[in-house]
Ligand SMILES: Cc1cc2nc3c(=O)[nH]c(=O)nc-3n(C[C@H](O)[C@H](O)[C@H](O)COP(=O)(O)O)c2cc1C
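In the block that follows, a single chain appears as structure tokens, in the form predicted on its own.
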């Protein structure tokens, strides 16, 4: 199976990219990610003025990780040797850079281009403070940052989008108009990871970014929205832990998939597992390359106004072996699923065709069908 991808002009051996964060904080760690099977790495966020990261800054929650780390501890000048280590080993490096003004962003971009970066990813959002959030919500300012960077360098420019906005389509159009080559989505979700009930204190001392499996539906929605809005490439980020998750992003239009939290929580073995899983799935489905499935699911997505009110109702299609479960009965808000002496049935007069029972049943004993 061919997993290779042409992403912003870079020839990648597979679609997996190590996302910006603590595991790409220096040359040695980036090389470790590449050795694990990633096709490329995104550096930890590079800035002009370093402010040392706070402690503590990471908390593992029930379904994801809270993070109040902001950017790299290295100075801009120190990144020259870190990037060089990866380039000398034949790796592909995407430099994630952060600034508040077009001139500063352009300056950092020119410097990391000189250092040997293969592409640039603009960090325009952070969930911790208000300044960058305002920036990431403004299409005009987004355009100005991206356009200035595109004009300043010869490298492909990627803009990393925040999920904490309500105008994603307008922002994506501004990025496309700027001449940028791609959009990566999503950055972490603004959050409070939790509260210690014994002490009455928040687990982290400020608002932070949430990542992990719980944010994947948000990431999928962002990628689909962007893919349906613009023609430039998309890199999907958020909650990827296995091949199924990665393929979902690709079917919704992503060319590449970035991950980091899964590696922190489960180790680098996740990477070969995802790649092998993708190959096995493609072999079963008869796909020779990823191009045959990229964006396939977009055809099934409509605006709410386009949806037809269709008379679907549920039907039991098989005897359920999980008799102890009863998730379909307890979850049916319309009291349409009935269990009588171990046999499940659907009261068609009550069924509203919501489809919840189809996804709740572990044995896949329900389907929706046309008709009352």
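Just so you know, these numbers come straight off a predicted model, no measurement behind them. Numbering follows the first chain given and starts at 1.
The form predicted in complex with the named molecule is left out here; the points below concern that form.
The named molecule in the predicted bound form comes within 4.5 Å of a heavy atom belonging to residue 20. Though the partner is left out of this view, residue 54 does not reach within 4.5 Å of the named molecule in the predicted bound form, counting heavy atoms only. For residue 332, no non-hydrogen atom is located within 4.5 Å of the named molecule in the predicted bound form, even though that partner is not displayed. Although the partner is absent here, residue 212 is a contact residue: one of its heavy atoms lies within 4.5 angstroms of the named molecule in the predicted bound form. Put simply, of 254, 226, 237, 159 only one has a heavy atom within 4.5 Å of the named molecule in the predicted bound form, and it is 237. Checked against the named molecule in the predicted bound form, the residues 250, 260, 109, 142 give one hit for a heavy atom within 4.5 Å, which is 260.
The stretch in contact with the named molecule in the predicted bound form, judged by heavy atoms within 4.5 Å, is 37 to 45, chosen from 37 to 45, 299 to 307, 335 to 343, 315 to 323.
By the 4.5 Å heavy atom rule, the three marked residues 58, 96 and 188 all count as contacting the named molecule in the predicted bound form.
Contacts with the named molecule in the predicted bound form, taken as any heavy atom within 4.5 Å, map within 57 to 72 to 58, 65, 67, 70, 71.
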